[in-house]
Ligand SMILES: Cc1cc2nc3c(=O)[nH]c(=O)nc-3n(C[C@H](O)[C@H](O)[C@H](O)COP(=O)(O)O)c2cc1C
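Just one chain is shown here, as C-alpha cells, and it is the form predicted alone.
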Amino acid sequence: MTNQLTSLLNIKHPIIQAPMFLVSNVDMVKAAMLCGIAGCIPALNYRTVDELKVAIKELKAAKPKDGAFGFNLIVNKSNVKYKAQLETICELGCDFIITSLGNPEETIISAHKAGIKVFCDVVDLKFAKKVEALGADAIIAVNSKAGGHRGGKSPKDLIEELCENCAIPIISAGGVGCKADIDKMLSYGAAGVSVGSLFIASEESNVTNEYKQACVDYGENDIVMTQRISGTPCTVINTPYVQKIGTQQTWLESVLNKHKSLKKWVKMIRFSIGMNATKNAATKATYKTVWVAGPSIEYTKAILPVKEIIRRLVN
C-alpha cells in the first residue's frame, strides 16, 4: 500500500488514526504506530503545556521505524491555548500537525522551521486552494460522512474535485469503516484516509464503557447534527438526552451570532460550555450523554484493541 502518504510519513499503510477530542490518547497512538499507521491527538486533550510535553516525549520514545505521530491544533481565536501549544510542539517535535477551524498560516511557517509537516482540514475547494498556497504539505478532505465537524460534499465528489485542482496529496476524512472503503477512497484519487470513530470503542481509549458501548449499539442511522457543542454543526449519537435538548442553537444564541461584534464571544462561550458537557459525557457516568461520533460506527460490533481494529482495516 505504498503511496504518497506512506512516503510522506514513512508508514506502512496510508491511514491516519484521526484526532478525536477526549478520545485520542498516547496509548492509542502508540498502538497505531506499532501497526504501521500514523496517530494523531488533539492538543486540547491536554489541560496544560506540561502535560502536552510529557505526551510528546513518551510518543517520541515509543515511535517505531515505520510509524508516525502528530497533533491537531484548533487555530482560530476560540482556542486561547493555541500559541503555547504550537510553540511546545515545534520545540519538542513530532512528524505532523493537523490544523482545524482557522487560518493555518502561522502554524505552517512555525512547523516547517521545525521540520514538521502540516496537513490542513478543509471542506471545499476554496479553502483547499488557500492552504495549498500557504504551503500545506497535504489536505485533509473532510467529507459529509465524517464524524465531528464534517463537510457537505460526498467523499467521491470532494476527493475528485480536490485531486483535479490541487497538486498536494489529498487525505480523505470520513466514510471509512472497512478495507473496501479505503480502497474506494484511494480509487477516487486520495493518497490516504483519516479514520476516527472506529477507534472510540477501542480498549486503549479511556472514555467510559457507556460511550464505547453506544458505538457498538448505535449505527449510521443514529447519527445527527447538533449546534449545541461548539457552535459549529457537529455529529453526535442521537441519544434520548440529545433528543431532549434538541440540536439547534437557542433563540438567544441565534440572535447574538448575527451581531458582528458579539459573534466571536458567543462562539467562545458556546465552545466552552459544549466542550465541558462533552467531557463529562465521555469521562463520567452521567445521563447527559452527548457522544460525538460519525456514521462509520456502523462497523463497530465490539470493543476491541487498536491492533485488531487496524488489522480489520488493512486485511
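Numbering starts at 1 and runs along the sequence shown. What you are looking at is a predicted structure, and each value in this text was computed from that prediction instead of being measured.
Same protein, other form: the form predicted in complex with the ligand, not shown, and the subject of what follows.
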### Query
Taking the partner as it appears in the predicted complex, which of 105 to 113, 80 to 88, 195 to 203, 126 to 134 has residues with heavy atoms within 4.5 Å of the ligand?
195 to 203
### Query
If you check in the predicted complex, is S100 within 4.5 Å of the ligand, heavy atoms only?
yes
### P155 within 4.5 Å of the ligand in the predicted complex, heavy atoms
no
### Message
Is it the case that M20, even though its partner is missing from this view, gets within 4.5 Å of the ligand in the predicted complex, heavy atoms only?
### Response
yes
### Task
Give a yes or no for T300: in the predicted complex, does one of its heavy atoms lie within 4.5 Å of a heavy atom belonging to the ligand?
no
### Task
Let me know which residues along 113 to 145 have a heavy atom within 4.5 Å of the ligand in the predicted complex, or say none if there are none.
D121, K145
